[in-house]
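A single chain, nothing else alongside it, follows as C-alpha coordinates in the form predicted on its own.
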Amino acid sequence: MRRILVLGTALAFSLAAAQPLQGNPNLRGEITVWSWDIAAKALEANIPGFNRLFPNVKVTVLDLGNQAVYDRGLAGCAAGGGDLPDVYSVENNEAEVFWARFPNCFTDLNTLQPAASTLRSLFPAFKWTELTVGNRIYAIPWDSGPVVMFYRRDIYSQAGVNPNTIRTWDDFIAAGRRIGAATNNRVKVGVIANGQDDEWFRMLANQNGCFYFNNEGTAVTVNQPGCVTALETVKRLIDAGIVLQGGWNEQIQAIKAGTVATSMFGAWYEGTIRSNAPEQSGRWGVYPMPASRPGGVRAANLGGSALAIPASSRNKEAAWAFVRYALATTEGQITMLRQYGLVPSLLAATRDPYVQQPQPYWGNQRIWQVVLGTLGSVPAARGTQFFQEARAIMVKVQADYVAGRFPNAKAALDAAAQQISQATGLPIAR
(Lines give C-alpha, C1' and ligand atoms only; values in the text may rest on other atoms or scores of the structure.)
Protein backbone atom coordinates (compact mmCIF):
# COMPACT_ATOMS: atom_id res chain seq x y z
CA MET A 1 0.00 0.00 0.00
CA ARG A 2 1.19 3.46 -0.78
CA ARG A 3 2.40 5.71 1.95
CA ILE A 4 1.51 9.34 2.10
CA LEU A 5 2.71 12.15 4.30
CA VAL A 6 -0.41 14.21 4.04
CA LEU A 7 -0.45 15.49 7.58
CA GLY A 8 3.26 16.20 7.64
CA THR A 9 2.86 18.24 4.50
CA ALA A 10 -0.13 20.00 5.92
CA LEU A 11 1.66 20.81 9.15
CA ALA A 12 4.61 22.22 7.28
CA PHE A 13 2.83 24.32 4.70
CA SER A 14 -0.80 24.87 5.56
CA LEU A 15 -1.36 25.75 9.19
CA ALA A 16 -4.57 27.60 8.54
CA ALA A 17 -5.90 29.69 11.39
CA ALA A 18 -9.07 28.48 13.08
CA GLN A 19 -12.12 30.59 12.37
CA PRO A 20 -13.48 32.68 15.25
CA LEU A 21 -16.88 31.51 16.39
CA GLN A 22 -19.43 34.22 17.04
CA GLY A 23 -21.76 33.64 19.98
CA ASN A 24 -25.50 34.00 19.79
CA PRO A 25 -27.67 34.41 22.90
CA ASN A 26 -30.75 34.15 20.74
CA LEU A 27 -29.96 30.55 19.87
CA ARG A 28 -32.02 28.43 22.26
CA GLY A 29 -32.89 24.84 22.94
CA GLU A 30 -31.49 21.53 24.15
CA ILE A 31 -29.21 19.09 22.37
CA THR A 32 -28.06 15.58 23.29
CA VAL A 33 -24.65 14.17 22.39
CA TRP A 34 -23.73 10.47 22.28
CA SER A 35 -20.16 9.46 22.95
CA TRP A 36 -17.99 7.18 25.10
CA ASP A 37 -15.32 7.03 27.83
CA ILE A 38 -12.89 9.94 27.91
CA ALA A 39 -14.29 11.25 24.62
CA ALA A 40 -17.59 11.91 26.37
CA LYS A 41 -15.81 13.56 29.27
CA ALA A 42 -13.82 15.71 26.85
CA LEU A 43 -17.00 16.94 25.18
CA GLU A 44 -18.51 17.68 28.58
CA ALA A 45 -15.43 19.75 29.39
CA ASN A 46 -16.30 21.97 26.44
CA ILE A 47 -19.80 22.82 27.64
CA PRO A 48 -18.78 25.78 29.89
CA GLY A 49 -16.80 27.43 27.07
CA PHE A 50 -19.60 26.78 24.62
CA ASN A 51 -22.18 28.25 26.97
CA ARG A 52 -20.19 31.48 27.29
CA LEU A 53 -20.99 32.00 23.60
CA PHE A 54 -24.36 30.26 23.52
CA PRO A 55 -25.78 30.67 27.05
CA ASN A 56 -29.26 29.49 26.15
CA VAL A 57 -28.36 26.12 24.65
CA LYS A 58 -28.38 23.21 27.09
CA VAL A 59 -26.00 20.39 26.13
CA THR A 60 -26.32 16.90 27.58
CA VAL A 61 -23.53 14.42 26.85
CA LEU A 62 -24.40 10.74 27.33
CA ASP A 63 -21.55 8.24 27.81
CA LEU A 64 -23.07 5.10 26.28
CA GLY A 65 -19.81 3.23 25.66
CA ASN A 66 -18.10 2.83 22.31
CA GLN A 67 -19.85 -0.31 21.07
CA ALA A 68 -23.27 0.83 22.24
CA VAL A 69 -22.94 4.12 20.35
CA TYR A 70 -22.10 2.21 17.19
CA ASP A 71 -24.81 -0.43 17.63
CA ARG A 72 -27.53 2.06 18.58
CA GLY A 73 -26.49 4.28 15.69
CA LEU A 74 -26.94 1.43 13.23
CA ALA A 75 -30.27 0.46 14.79
CA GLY A 76 -31.49 4.05 14.74
CA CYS A 77 -30.56 4.55 11.11
CA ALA A 78 -32.16 1.23 10.17
CA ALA A 79 -35.33 2.43 11.90
CA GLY A 80 -35.43 5.56 9.76
CA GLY A 81 -33.55 7.89 12.09
CA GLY A 82 -35.52 7.36 15.28
CA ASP A 83 -33.90 7.35 18.73
CA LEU A 84 -30.79 9.22 17.63
CA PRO A 85 -29.17 12.20 19.38
CA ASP A 86 -28.50 15.67 17.97
CA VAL A 87 -24.73 15.06 17.84
CA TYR A 88 -23.30 11.61 17.14
CA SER A 89 -19.71 10.44 17.77
CA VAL A 90 -18.30 8.12 15.13
CA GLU A 91 -14.86 6.58 14.73
CA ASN A 92 -13.29 7.40 11.40
CA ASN A 93 -12.73 3.79 10.41
CA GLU A 94 -16.42 2.99 11.01
CA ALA A 95 -17.86 6.14 9.49
CA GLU A 96 -18.26 4.80 5.98
CA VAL A 97 -20.59 2.09 7.25
CA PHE A 98 -23.19 4.76 7.94
CA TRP A 99 -22.75 6.87 4.81
CA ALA A 100 -22.80 3.81 2.54
CA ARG A 101 -25.71 1.97 4.11
CA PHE A 102 -27.81 4.89 5.35
CA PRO A 103 -26.99 7.90 3.14
CA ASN A 104 -30.01 9.85 4.38
CA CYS A 105 -29.57 9.17 8.09
CA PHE A 106 -27.10 12.02 8.67
CA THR A 107 -27.11 15.67 7.72
CA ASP A 108 -24.99 16.88 4.83
CA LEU A 109 -23.13 19.54 6.80
CA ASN A 110 -22.77 21.63 3.67
CA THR A 111 -26.47 22.38 3.95
CA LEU A 112 -25.94 24.23 7.25
CA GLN A 113 -24.59 27.74 7.74
CA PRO A 114 -21.72 28.23 7.45
CA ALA A 115 -21.21 25.27 5.13
CA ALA A 116 -18.79 22.60 6.32
CA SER A 117 -16.74 23.11 3.17
CA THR A 118 -15.50 26.39 4.68
CA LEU A 119 -13.73 24.31 7.36
CA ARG A 120 -11.83 22.05 4.96
CA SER A 121 -8.51 23.90 5.08
CA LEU A 122 -8.48 23.81 8.90
CA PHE A 123 -7.87 20.05 9.00
CA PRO A 124 -5.41 17.67 7.28
CA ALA A 125 -6.74 16.25 4.04
CA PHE A 126 -6.53 12.60 5.14
CA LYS A 127 -8.97 13.19 7.99
CA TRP A 128 -11.72 14.04 5.47
CA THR A 129 -11.34 10.86 3.42
CA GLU A 130 -13.83 8.74 5.36
CA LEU A 131 -16.16 11.64 6.20
CA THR A 132 -16.93 12.84 2.68
CA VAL A 133 -18.97 11.29 -0.12
CA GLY A 134 -18.81 13.29 -3.34
CA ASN A 135 -19.69 16.86 -2.37
CA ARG A 136 -21.38 15.78 0.84
CA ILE A 137 -19.62 16.21 4.19
CA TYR A 138 -21.21 14.01 6.84
CA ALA A 139 -18.94 14.70 9.83
CA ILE A 140 -16.20 17.00 11.10
CA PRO A 141 -12.76 15.59 12.08
CA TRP A 142 -12.23 15.36 15.82
CA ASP A 143 -9.05 13.73 17.14
CA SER A 144 -6.20 11.66 15.72
CA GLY A 145 -4.67 8.50 17.14
CA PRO A 146 -0.89 8.58 16.56
CA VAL A 147 0.52 5.46 18.20
CA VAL A 148 3.19 5.75 20.90
CA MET A 149 4.59 3.62 23.71
CA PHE A 150 3.52 4.71 27.20
CA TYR A 151 6.09 3.29 29.64
CA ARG A 152 6.79 3.15 33.37
CA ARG A 153 10.00 5.04 34.00
CA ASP A 154 10.62 3.42 37.39
CA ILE A 155 10.21 -0.16 36.14
CA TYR A 156 12.37 0.37 33.07
CA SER A 157 15.04 1.95 35.30
CA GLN A 158 14.87 -0.95 37.78
CA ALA A 159 15.58 -3.35 34.90
CA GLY A 160 18.31 -1.16 33.43
CA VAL A 161 16.36 -0.59 30.21
CA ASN A 162 16.86 2.72 28.42
CA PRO A 163 13.81 3.37 26.21
CA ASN A 164 15.97 5.44 23.87
CA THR A 165 17.75 2.22 22.84
CA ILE A 166 14.50 0.48 21.81
CA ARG A 167 14.34 1.09 18.08
CA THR A 168 13.01 -2.20 16.72
CA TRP A 169 10.62 -4.92 17.87
CA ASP A 170 13.65 -7.15 18.46
CA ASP A 171 14.91 -4.50 20.90
CA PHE A 172 11.48 -4.40 22.55
CA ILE A 173 11.41 -8.17 23.05
CA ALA A 174 14.89 -8.05 24.58
CA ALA A 175 13.75 -5.24 26.90
CA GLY A 176 10.70 -7.28 27.88
CA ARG A 177 12.89 -10.20 28.89
CA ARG A 178 15.10 -7.94 31.00
CA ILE A 179 12.08 -6.42 32.76
CA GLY A 180 10.65 -9.88 33.37
CA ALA A 181 13.95 -11.05 34.86
CA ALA A 182 14.24 -7.95 37.06
CA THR A 183 10.72 -8.36 38.47
CA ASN A 184 10.58 -12.15 38.89
CA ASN A 185 8.30 -12.17 35.85
CA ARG A 186 5.69 -10.15 37.75
CA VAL A 187 5.72 -7.33 35.21
CA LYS A 188 5.02 -7.67 31.48
CA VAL A 189 5.64 -5.13 28.76
CA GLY A 190 2.26 -5.04 27.15
CA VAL A 191 -1.30 -6.35 27.02
CA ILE A 192 -2.45 -7.86 23.73
CA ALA A 193 -6.16 -8.41 23.28
CA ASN A 194 -5.71 -11.72 21.49
CA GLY A 195 -9.10 -13.33 20.85
CA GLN A 196 -10.92 -10.10 21.72
CA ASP A 197 -9.47 -7.55 19.33
CA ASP A 198 -6.76 -7.26 16.70
CA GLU A 199 -5.63 -3.75 17.57
CA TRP A 200 -1.94 -4.70 17.89
CA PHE A 201 -2.08 -6.31 14.46
CA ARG A 202 -3.70 -3.19 13.01
CA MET A 203 -1.14 -0.85 14.55
CA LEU A 204 1.77 -2.97 13.33
CA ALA A 205 0.22 -3.48 9.91
CA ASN A 206 -0.38 0.26 9.53
CA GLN A 207 3.23 0.95 10.47
CA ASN A 208 4.25 -1.46 7.71
CA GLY A 209 2.03 0.29 5.14
CA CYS A 210 -0.59 -2.47 5.06
CA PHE A 211 -4.24 -2.78 6.13
CA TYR A 212 -7.38 -4.83 5.50
CA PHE A 213 -8.09 -2.91 2.28
CA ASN A 214 -6.22 -0.70 -0.16
CA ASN A 215 -6.62 3.05 0.16
CA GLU A 216 -9.09 3.14 -2.69
CA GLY A 217 -11.34 0.70 -0.83
CA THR A 218 -11.50 -1.52 -3.91
CA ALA A 219 -9.50 -4.62 -2.90
CA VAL A 220 -8.54 -6.79 0.06
CA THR A 221 -4.86 -6.40 0.97
CA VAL A 222 -4.66 -8.08 4.38
CA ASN A 223 -2.34 -10.86 3.11
CA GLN A 224 0.32 -8.53 1.71
CA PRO A 225 3.88 -8.55 3.10
CA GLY A 226 3.50 -5.71 5.62
CA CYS A 227 0.55 -7.46 7.24
CA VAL A 228 2.41 -10.78 7.30
CA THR A 229 5.28 -9.16 9.18
CA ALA A 230 2.81 -7.57 11.59
CA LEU A 231 1.08 -10.85 12.42
CA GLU A 232 4.42 -12.63 12.82
CA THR A 233 5.50 -9.96 15.31
CA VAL A 234 2.31 -10.30 17.35
CA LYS A 235 2.95 -14.03 17.72
CA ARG A 236 6.63 -13.47 18.57
CA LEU A 237 5.63 -11.12 21.39
CA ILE A 238 3.15 -13.63 22.81
CA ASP A 239 5.48 -16.63 22.37
CA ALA A 240 8.27 -14.73 24.16
CA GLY A 241 6.08 -14.63 27.28
CA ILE A 242 6.62 -10.91 27.77
CA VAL A 243 3.01 -9.75 27.33
CA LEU A 244 -0.29 -10.35 29.04
CA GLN A 245 -3.39 -11.25 27.06
CA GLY A 246 -6.56 -9.35 27.85
CA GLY A 247 -8.94 -6.65 26.77
CA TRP A 248 -9.52 -3.02 27.72
CA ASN A 249 -10.51 -3.70 31.33
CA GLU A 250 -7.64 -6.10 31.96
CA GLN A 251 -5.20 -3.50 30.66
CA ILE A 252 -6.54 -0.84 33.01
CA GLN A 253 -6.32 -3.29 35.91
CA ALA A 254 -2.72 -4.14 34.99
CA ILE A 255 -1.80 -0.46 34.88
CA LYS A 256 -3.28 0.21 38.29
CA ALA A 257 -1.65 -2.92 39.74
CA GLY A 258 1.75 -2.05 38.28
CA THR A 259 2.01 -5.35 36.43
CA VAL A 260 2.49 -3.86 32.99
CA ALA A 261 5.39 -1.58 32.10
CA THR A 262 4.27 -0.47 28.65
CA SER A 263 1.02 0.27 26.87
CA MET A 264 0.94 0.75 23.11
CA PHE A 265 -2.07 2.72 21.91
CA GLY A 266 -3.18 5.78 20.04
CA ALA A 267 -2.12 8.91 21.89
CA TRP A 268 -5.67 9.42 23.17
CA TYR A 269 -4.77 6.70 25.69
CA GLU A 270 -2.77 9.35 27.55
CA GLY A 271 -5.96 10.56 29.20
CA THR A 272 -6.99 7.00 30.02
CA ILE A 273 -3.78 6.32 31.96
CA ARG A 274 -3.75 9.71 33.64
CA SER A 275 -7.37 9.54 34.78
CA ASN A 276 -7.25 5.89 35.87
CA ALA A 277 -3.92 6.02 37.70
CA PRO A 278 -3.47 9.55 39.09
CA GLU A 279 -1.37 8.12 41.94
CA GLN A 280 1.31 7.13 39.38
CA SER A 281 2.04 10.74 38.39
CA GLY A 282 5.69 11.22 37.45
CA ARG A 283 6.32 7.51 36.87
CA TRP A 284 5.29 7.41 33.21
CA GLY A 285 6.95 8.52 29.98
CA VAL A 286 6.48 8.21 26.24
CA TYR A 287 8.63 7.00 23.33
CA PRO A 288 7.91 6.20 19.66
CA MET A 289 6.74 2.69 18.73
CA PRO A 290 9.56 0.35 17.63
CA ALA A 291 10.10 -0.32 13.92
CA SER A 292 9.84 -3.68 12.17
CA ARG A 293 13.41 -3.28 10.92
CA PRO A 294 16.33 -0.95 11.68
CA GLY A 295 15.57 2.46 10.27
CA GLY A 296 11.95 1.54 9.54
CA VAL A 297 8.77 3.53 10.18
CA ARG A 298 8.05 4.17 13.86
CA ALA A 299 4.55 5.57 13.46
CA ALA A 300 0.98 4.36 13.03
CA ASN A 301 -2.54 5.51 13.79
CA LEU A 302 -5.19 3.82 15.93
CA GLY A 303 -8.57 5.42 16.21
CA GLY A 304 -9.54 8.98 15.68
CA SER A 305 -13.12 10.13 15.58
CA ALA A 306 -15.54 12.67 14.18
CA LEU A 307 -18.83 14.31 15.07
CA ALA A 308 -21.93 14.08 12.88
CA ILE A 309 -25.46 15.44 13.13
CA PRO A 310 -28.31 12.98 12.51
CA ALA A 311 -30.87 14.16 9.98
CA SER A 312 -33.55 13.58 12.61
CA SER A 313 -32.11 16.25 14.95
CA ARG A 314 -34.73 18.84 15.85
CA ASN A 315 -32.14 21.49 16.70
CA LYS A 316 -29.52 21.32 13.98
CA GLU A 317 -28.48 24.94 14.35
CA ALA A 318 -27.54 24.44 18.00
CA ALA A 319 -25.94 21.07 17.26
CA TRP A 320 -23.85 22.63 14.49
CA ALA A 321 -22.75 25.46 16.79
CA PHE A 322 -21.59 22.92 19.39
CA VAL A 323 -19.73 20.81 16.82
CA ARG A 324 -17.96 23.88 15.45
CA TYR A 325 -17.02 25.12 18.93
CA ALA A 326 -15.67 21.74 20.09
CA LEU A 327 -13.76 20.84 16.92
CA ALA A 328 -13.06 23.96 14.86
CA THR A 329 -11.79 26.30 17.56
CA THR A 330 -8.39 26.09 19.22
CA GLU A 331 -10.03 26.66 22.60
CA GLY A 332 -12.29 23.65 22.15
CA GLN A 333 -9.55 21.32 20.95
CA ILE A 334 -6.95 22.38 23.54
CA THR A 335 -9.51 21.93 26.32
CA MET A 336 -9.86 18.28 25.26
CA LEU A 337 -6.10 17.82 24.88
CA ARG A 338 -5.32 19.42 28.23
CA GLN A 339 -7.89 17.52 30.25
CA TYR A 340 -8.20 14.18 28.47
CA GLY A 341 -5.30 13.88 26.05
CA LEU A 342 -7.31 13.87 22.82
CA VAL A 343 -4.84 14.76 20.05
CA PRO A 344 -6.24 17.60 17.91
CA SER A 345 -6.87 17.23 14.23
CA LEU A 346 -7.37 21.00 13.99
CA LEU A 347 -4.09 22.22 12.52
CA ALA A 348 -4.10 25.55 14.35
CA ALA A 349 -4.31 23.74 17.70
CA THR A 350 -0.96 22.03 17.12
CA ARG A 351 0.68 25.47 17.41
CA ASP A 352 -0.88 26.25 20.78
CA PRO A 353 1.71 26.94 23.53
CA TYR A 354 0.26 24.09 25.59
CA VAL A 355 1.63 21.59 23.08
CA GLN A 356 5.18 22.73 23.91
CA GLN A 357 4.82 22.49 27.69
CA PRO A 358 6.42 19.80 29.90
CA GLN A 359 3.74 17.57 31.41
CA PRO A 360 4.15 16.83 35.15
CA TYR A 361 2.29 13.50 35.02
CA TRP A 362 4.77 12.31 32.42
CA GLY A 363 7.91 13.19 34.37
CA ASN A 364 7.88 16.70 32.86
CA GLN A 365 8.48 15.24 29.40
CA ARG A 366 7.20 17.32 26.49
CA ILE A 367 5.11 14.39 25.37
CA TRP A 368 2.98 16.22 22.81
CA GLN A 369 6.10 17.05 20.85
CA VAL A 370 6.89 13.32 20.72
CA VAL A 371 3.33 12.46 19.69
CA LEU A 372 2.94 15.15 17.04
CA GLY A 373 6.42 14.39 15.76
CA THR A 374 5.20 11.00 14.52
CA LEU A 375 2.20 12.29 12.56
CA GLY A 376 4.06 13.08 9.38
CA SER A 377 5.22 9.45 9.10
CA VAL A 378 1.86 7.74 9.61
CA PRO A 379 0.95 5.63 6.55
CA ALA A 380 -2.61 6.08 5.35
CA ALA A 381 -5.17 3.32 5.96
CA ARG A 382 -8.85 3.20 5.07
CA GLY A 383 -11.47 1.32 7.05
CA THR A 384 -14.18 1.33 4.34
CA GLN A 385 -17.78 0.33 5.07
CA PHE A 386 -16.58 -3.23 5.67
CA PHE A 387 -14.26 -2.45 8.59
CA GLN A 388 -16.25 -4.36 11.22
CA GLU A 389 -16.62 -7.47 9.05
CA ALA A 390 -12.89 -7.54 8.34
CA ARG A 391 -12.05 -6.89 11.96
CA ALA A 392 -14.20 -9.77 13.21
CA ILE A 393 -12.53 -12.14 10.76
CA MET A 394 -9.04 -10.99 11.74
CA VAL A 395 -9.71 -11.34 15.46
CA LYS A 396 -10.53 -15.03 14.90
CA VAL A 397 -7.69 -15.64 12.44
CA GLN A 398 -5.13 -14.03 14.74
CA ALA A 399 -6.26 -16.16 17.69
CA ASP A 400 -6.11 -19.31 15.56
CA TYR A 401 -2.65 -18.42 14.28
CA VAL A 402 -1.33 -17.73 17.79
CA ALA A 403 -2.80 -21.09 18.87
CA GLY A 404 -0.85 -22.84 16.10
CA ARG A 405 -3.76 -23.64 13.81
CA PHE A 406 -1.95 -22.25 10.76
CA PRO A 407 1.53 -23.27 9.60
CA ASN A 408 2.64 -19.65 9.22
CA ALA A 409 1.37 -16.06 9.14
CA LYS A 410 1.04 -15.97 5.35
CA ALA A 411 -1.28 -18.99 5.37
CA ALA A 412 -3.35 -17.40 8.13
CA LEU A 413 -3.68 -14.13 6.25
CA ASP A 414 -4.46 -15.88 2.97
CA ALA A 415 -7.37 -17.49 4.80
CA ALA A 416 -8.39 -14.12 6.23
CA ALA A 417 -8.24 -12.53 2.79
CA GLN A 418 -10.49 -15.24 1.35
CA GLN A 419 -13.05 -14.78 4.13
CA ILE A 420 -13.00 -10.97 3.87
CA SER A 421 -13.37 -11.18 0.11
CA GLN A 422 -16.36 -13.51 0.45
CA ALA A 423 -17.94 -11.26 3.09
CA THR A 424 -17.48 -8.02 1.18
CA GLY A 425 -17.47 -9.01 -2.47
CA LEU A 426 -14.18 -7.22 -2.98
CA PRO A 427 -11.37 -8.99 -4.86
CA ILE A 428 -8.08 -9.92 -3.25
CA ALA A 429 -5.32 -7.62 -4.49
CA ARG A 430 -2.61 -9.29 -6.57
Partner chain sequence: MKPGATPYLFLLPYLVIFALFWAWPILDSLLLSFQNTRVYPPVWDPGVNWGRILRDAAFWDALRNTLLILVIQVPLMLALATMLALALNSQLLRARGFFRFAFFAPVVVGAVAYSAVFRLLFNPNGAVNAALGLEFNWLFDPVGAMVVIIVALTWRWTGYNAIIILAGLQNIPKELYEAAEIDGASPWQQFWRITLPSLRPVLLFCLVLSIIGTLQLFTEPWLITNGGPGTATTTLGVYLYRQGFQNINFGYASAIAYVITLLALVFSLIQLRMFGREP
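Since the model is a prediction, treat every value here as computed from it, not as a measurement. Residue numbers count along the first chain shown, from 1.
This next part talks about the form predicted in complex with its partner chain, which is not shown.
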Checklist line | Partner contact for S281 in the predicted complex: its partner chain, 4.5 angstroms, heavy atom | finding: no
Next item on the list: Decide whether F102 counts as a contact residue for its partner chain in the predicted complex under a heavy atom distance cut-off of 4.5 Å.
Entry: yes
Check: So in the predicted complex, does any heavy atom of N24 sit within 4.5 Å of its partner chain?
Finding: no
Check: Even though its partner chain is not shown here, does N408 get within 4.5 Å of it in the predicted complex, heavy atoms only?
Finding: no
Next item on the list: Counting only non-hydrogen atoms, choose the one of 52-60, 27-35, 383-391, 370-378 that falls within 4.5 Å of its partner chain in the predicted complex.
Entry: 383-391
Next item on the list: Answer with one of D83, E216, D239, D71: the residue that has a non-hydrogen atom within 4.5 Å of its partner chain in the predicted complex.
Entry: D71
Notebook entry, point to check: Just one of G180, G246, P163, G258 has a heavy atom within 4.5 Å of its partner chain in the predicted complex. Which one?
Noted result: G246
Check: Thinking of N110, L112 and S313 as one candidate spot, does its partner chain come within 4.5 Å of a heavy atom in every one of them in the predicted complex?
Finding: no
Next item on the list: Taking its partner chain as it sits in the predicted complex, which residues of 186-200 have a non-hydrogen atom within 4.5 Å of it? Please list them.
Entry: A193, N194, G195, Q196
